[in-house]
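As structure tokens, one chain now follows by itself in the form predicted alone.
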């Protein structure tokens, strides 16, 4: 009998790309809030999701550097379960509820790619880098302090797609106006069968259910952000017309469930 939460299923289940939930994450985030053109960003929303009219076009660019574990001490396998990622979250509404819609997402790890598809994140492969901070006081440590500068970038297929910079100004006790919405994505699995290309096997709006979210070492400052145009991508369409605050913080949380909001299959 074959075992495993995901393919490839195998006799012992050890070959599966991703172990079964619950899943646990911890890492560092560099984030920049920005506004894009709402007349453009509205076109990226699926059926039933609308822009938040109170803050049309408001979005967040998130760079993450994190590690993962399930129930088998997977964090002790860093080559497989450490990951860096980039996501865009757009303020939106679903049936009167404030949500964050995720139109684009990139990671540098195949296990993270699979986890994202399961959770409804439209992940693609990308190379993501951000400035790291270390407890030592050396010149290269990038301390969490007033006027410290942090940078991040994301590229795919040799093309730069995002460049960000944050200058820290003040420490905060909690995040205000950032990550205060449940993230909604779309699980989409098309059919290759002839005549059924427009009838996906799975097409669902899903909302992430996260538990035990903790944030610490929160710093807020000034953000800079640019989405260069690149062949084969459309990320630049959501590029900033205005940039707001920048953030740097550490986090941990667990994923135990996914809430299905709507079945969009025809």
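Positions refer to the first chain, counted from 1. Since we're looking at a predicted model, the values are computed, not measured.
Heads up, the form predicted in complex with a further copy of the same chain isn't pictured, but that's what we're talking about next.
Colleague: Can any non-hydrogen atom of residue 54 be found within 4.5 angstroms of a further copy of the same chain in the predicted complex?
Modeller: Contact with a further copy of the same chain, no.
Colleague: With a cut-off of 4.5 Å between heavy atoms, is residue 151 one of the residues that contacts a further copy of the same chain in the predicted complex?
Modeller: Residue 151: contacts a further copy of the same chain in the predicted complex.
Colleague: According to a 4.5 angstroms non-hydrogen atom cut-off, is residue 43 in contact with a further copy of the same chain in the predicted complex?
Modeller: Looking in the predicted complex, residue contacts with a further copy of the same chain include residue 43, since a heavy atom lies within 4.5 Å.
Colleague: According to a 4.5 angstroms non-hydrogen atom cut-off, is residue 193 in contact with a further copy of the same chain in the predicted complex?
Modeller: Yes - in the predicted complex, heavy atoms of residue 193 and a further copy of the same chain come within 4.5 Å of each other.
Colleague: Looking at a further copy of the same chain in the predicted complex, do all three of 69, 77 and 233 come within 4.5 Å of it through at least one heavy atom?
Modeller: Looking in the predicted complex, the three residues 69, 77 and 233 all sit within 4.5 Å of a further copy of the same chain (heavy atoms).
Colleague: Using the arrangement in the predicted complex, list in sequence order the residues of 136 to 159 with any heavy atom within 4.5 angstroms of a further copy of the same chain.
Modeller: Contacts from 136 to 159: 136, 137, 138, 139, 140, 141, 142, 149, 150, 151, 153, 155, 157, 158, 159.
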